[in-house]
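So this first bit is one chain, no partners, the form predicted alone, shown in structure tokens.
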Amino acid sequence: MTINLQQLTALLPVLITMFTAVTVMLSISYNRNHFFIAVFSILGFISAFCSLYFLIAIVPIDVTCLFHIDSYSILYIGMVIISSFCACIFAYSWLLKYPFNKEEFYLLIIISSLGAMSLIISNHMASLFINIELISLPIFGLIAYSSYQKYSLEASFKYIILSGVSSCFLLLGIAWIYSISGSLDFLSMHQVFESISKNEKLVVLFGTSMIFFALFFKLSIIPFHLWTPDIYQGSPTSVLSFFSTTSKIAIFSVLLHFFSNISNLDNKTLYFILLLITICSILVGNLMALLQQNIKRFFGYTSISQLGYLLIILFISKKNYLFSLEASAIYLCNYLFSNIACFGIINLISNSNKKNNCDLISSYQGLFWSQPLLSSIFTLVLLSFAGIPITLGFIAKFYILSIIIKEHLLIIGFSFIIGTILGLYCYLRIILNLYLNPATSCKRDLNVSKDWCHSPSGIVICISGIIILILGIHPNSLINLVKLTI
């Protein structure tokens, strides 16, 4: 097997990330220097992001049978890099106070990002499985990084065990499909499915369902969601912006790619299961969020409903694949920047808290009166999650609604309306809390610096807020960019 220069160029972001990982590893073994490792990791991600420019002229391209890189992959890889870059910035201020080894944190982020990038361009079951594991294994360590805190180790153990079970489902599904298709290549599967008998289709259907279950677990879709609130509560806040975006973006991209390749496996049972899972995720996610007092658990449940909305896109991937790509890119773009801003703000407040614990929703009571700009950005982010006009979230929800109307998905449309009303109530509950009279305990413990917007974390939060607002008012620039990549 030989790889030519063009294929090597196509792998440039992955190669740069690998080089960064190796250098960070060697640097840690030689001489620990937190500042150097943090800066080098951030520069590595910036270099990987810039290298995407060289891919534009050469895609689409196959790199062996394992990877297929197209312009759409470039957009998703860009999102993953932005998420990883922001996670390193958020983590730096938190790790300054961390009493144990700090440098390995960046190494775990880089390796997991490497898995996410490779997963996005995967075109083969072998690379799909390996890269999902490459994303997950460093995340076990990241969740348990604040092991001295309550729930952290427990959350990590839960994720390890349940992730292991989902990997078993994935391998089982791959094996069942291979027994019929005789190939692990996505494209070959598409061709084989057209010529198989009715009995063989049942075997393939079983295998496909197993793969879906594994991917739905990683996306924390109902009924595979039980781990989500506990993991969100137990994870360090600086990890959450990475965990809630990078793995979800990469796994949804491969889910959409895989689903488009088996669309000729027309089966009503599969679509019925998908319909049921989508509706339950939207409704239960929002309903459970209503009952939460812990802000991390709250966003854990709302992430379930957010990804439930995203699953609606799968219903048009067969008829109108290009529009499904456009809708998913817009939706995930909003999901990315909203999560970065949201968890950036929570991380900033947690780091400023004397007890390093500001997880209750009531802790944010009256924040506006001491931090008006921070509260305004937080309000904007919550409105974007709810899908209110002049935010990017409204454009994303509008795409989903247009799919529902165009395809006459009446039952999903009904759950979409109920879920949106419930979600709006959930987010308004936190927004109102920000503008109430400040609580006495909060005044005593919270001490966010007035110059927070001049810090690297503050700049990232402000830029994310501005992007959500500007793209919400003038979405054409983003829509045109997305259309160029399709």
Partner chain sequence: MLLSLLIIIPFFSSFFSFFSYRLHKNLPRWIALLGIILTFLFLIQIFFQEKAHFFQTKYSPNWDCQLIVPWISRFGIEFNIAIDGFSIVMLIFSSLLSIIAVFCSWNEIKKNEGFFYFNFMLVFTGIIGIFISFDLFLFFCFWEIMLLPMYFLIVLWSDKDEKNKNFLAANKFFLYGQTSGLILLSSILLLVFSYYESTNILTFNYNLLLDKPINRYIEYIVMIGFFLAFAIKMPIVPFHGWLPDVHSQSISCGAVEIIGVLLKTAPYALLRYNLVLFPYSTEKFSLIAIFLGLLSIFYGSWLAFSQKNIKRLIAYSSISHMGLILIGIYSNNEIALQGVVVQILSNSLTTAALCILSGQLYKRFKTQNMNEMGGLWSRIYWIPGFSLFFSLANLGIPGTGNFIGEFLILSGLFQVLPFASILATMGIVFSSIYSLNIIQNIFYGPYKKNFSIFFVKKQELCIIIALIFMLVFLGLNPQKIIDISYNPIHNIQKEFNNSILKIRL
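Fair warning: this is a prediction, and the values are worked out from it, not measured in the lab. Residue numbers count along the first chain shown, from 1.
As for the form predicted in complex with the partner chain, it is not shown, yet the points below apply to it.
For the candidate set Ala144, Leu383, Met125, Leu114, a heavy atom within 4.5 Å of the partner chain in the predicted bound form is found for exactly one residue, namely Leu383.
With the partner removed from view, the residue among Ile42, Leu424, Ile459, Ile61 that has a non-hydrogen atom within 4.5 Å of the partner chain in the predicted bound form turns out to be Leu424. For the three residues Ile277, Ala289 and Lys319, a heavy atom within 4.5 Å of the partner chain turns up in the predicted bound form in no case.
In the predicted bound form, the partner chain lies within 4.5 Å of some heavy atom of Ile417.
Mapping the unseen interface onto this chain, Asp359 falls outside it, with no heavy atom inside 4.5 Å of the partner chain in the predicted bound form. Of the heavy atoms in Lys406, some are within 4.5 Å of the partner chain in the predicted bound form. Contact check for Val22: no non-hydrogen atom falls within 4.5 Å of the partner chain in the predicted bound form. Heavy atoms within 4.5 Å of the partner chain in the predicted bound form map, among the stretches 238 to 246, 185 to 193, 338 to 346, 320 to 328, onto 320 to 328 alone. Residues Ile388, Pro389, Ile390, Phe394, Ile395, Phe398, Tyr399, Leu401, Ser402, Ile405, Lys406, His408 are the members of 384 to 413 with a non-hydrogen atom no more than 4.5 angstroms from the partner chain in the predicted bound form.
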